[in-house]
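In the form predicted alone, a lone chain appears below as structure tokens.
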Amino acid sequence: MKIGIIGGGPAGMLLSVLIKKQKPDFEVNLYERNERVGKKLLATGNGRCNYTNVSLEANNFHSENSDFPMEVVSKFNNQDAIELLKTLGIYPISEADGRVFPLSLQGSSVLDFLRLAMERYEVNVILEEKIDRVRKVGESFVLEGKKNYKADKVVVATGGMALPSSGSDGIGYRIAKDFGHRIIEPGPTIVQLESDYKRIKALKGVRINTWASLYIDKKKIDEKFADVLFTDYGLSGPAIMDLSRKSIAALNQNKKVEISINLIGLPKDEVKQMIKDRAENLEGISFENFLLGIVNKKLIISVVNQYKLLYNRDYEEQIRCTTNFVNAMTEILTDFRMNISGYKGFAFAQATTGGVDTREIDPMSLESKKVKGLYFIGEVLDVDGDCGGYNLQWAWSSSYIAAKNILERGK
């Protein structure tokens, strides 16, 4: 049997290994448009490759067909992925927030062992070959690139449109459309947010491990605790990336989007007590000096300006320990609001929303309901996960289920 896999990302690579390991007599051809496989894999987890998470819930995955992701992931979960990858040589280490990395903390380790497995099981990798079109001729397929290739089954593992420098250009959507599949409009996610805050450039480089809360039309929608990074265009960091999906959806509906940042990184009641104690001990000190040591120096002017704007009647050059001062300062430091005016595009995104409509895909096999022998796995489908290893978990889960079905039918 000839299997044609389009795309040499994590889903395509693992699929090829799983099939060849069990069926060495199968001809498995993997077509990759780049000069090497796994280019995008090296960019995940800041180069450390956050390949799954110890916590796996339905709300970590998103799709218009909301039940679909967990129908697949429940059949091959995080522990299954960890154990399978251990057999390939990839051993895990988890961080306090549940993110799982290779023990080396190098993304290249995951890629190296996948490539070694592909070599060991003799997967035929055709590099610098962009498959532009797939046709079905009788019971077989013809894959058109620089050359024409034949296959009994075709697996589309081309990814979405995030990080186009890695080769993701939406070709998988065009292949799916040629076979009559509906494509849900793709968009960037797990991406940086832009702000029109007037002093944003002055805050560049400030990083806080803290709470970031998303407000849409003044209503609190979500909250994340992780690093927040101020940039010259807005906000970045894991907490912001986690909130980007809902932020973008709201922006696209012309809703007001704000991010509230706790500038201290402590619970509100602790911040209030700290401000009270500090005001009592340092009464008479200048406003700017009062903030030294509790917030990054780059934030001081912004906090002072916010205080003047919101509580001008109480502003004095020298602070006094009053109830009004303590309450006002606590609010600003734990709820520093920034308007979100936009977001970075696919060039900066780690994942893609939208894709091939999963209502037209069998969750038991990842096979098209429209075309027998045609499969879709990974990011090309309308499934995206939260920041924290969930998108790679989706790649592992979908590739495993597709491989299982192909192997069972090949008996």
Ligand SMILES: Cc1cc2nc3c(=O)[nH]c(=O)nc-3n(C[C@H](O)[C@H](O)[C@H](O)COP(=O)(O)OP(=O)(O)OC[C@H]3O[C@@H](n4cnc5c(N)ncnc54)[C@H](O)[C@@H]3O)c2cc1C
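What you see is a predicted model; the values in this text were computed from it and never measured. From 1 onward, residues are counted along the sequence shown.
Not pictured, yet referred to below: the form predicted together with the ligand.
**Prompt:** Though only this chain appears here, would Val155 touch the ligand in the model of the complex if you measure heavy atom gaps against 4.5 Å?
**Reply:** Val155 lies outside the contact set for the ligand.
**Prompt:** Taking heavy atoms only, is Thr44 within 4.5 angstroms of the ligand in the model of the complex?
**Reply:** Contact check for Thr44: yes, within 4.5 Å of the ligand in the model of the complex.
**Prompt:** Taking heavy atoms and a 4.5 Å cut-off, does Asp80 contact the ligand in the model of the complex?
**Reply:** Close contact is absent here: in the model of the complex, Asp80 is far from the ligand, nothing within 4.5 Å, heavy atoms only.
**Prompt:** Does the ligand come within 4.5 Å of any heavy atom of Ser166 in the model of the complex?
**Reply:** Judged by the heavy-atom cut-off of 4.5 Å, Ser166 is in contact with the ligand in the model of the complex.
**Asked** Only one of 168-176, 222-230, 272-280, 199-207 gets a heavy atom within 4.5 Å of the ligand in the model of the complex; which is it?
**Response** One stretch meets the cut-off, namely 168-176.
**Asked** Which one of Leu374, Val28, Ala349, Ile361 is close to the ligand in the model of the complex, taking close to mean a heavy atom within 4.5 Å?
**Response** None of the others qualify; the residue that does is Ala349.
**Prompt:** Can you name the residues of 124-148 that have a heavy atom within 4.5 Å of the ligand in the model of the complex?
**Reply:** Heavy-atom contacts within 4.5 Å come from Glu129, Lys130, Ile131.
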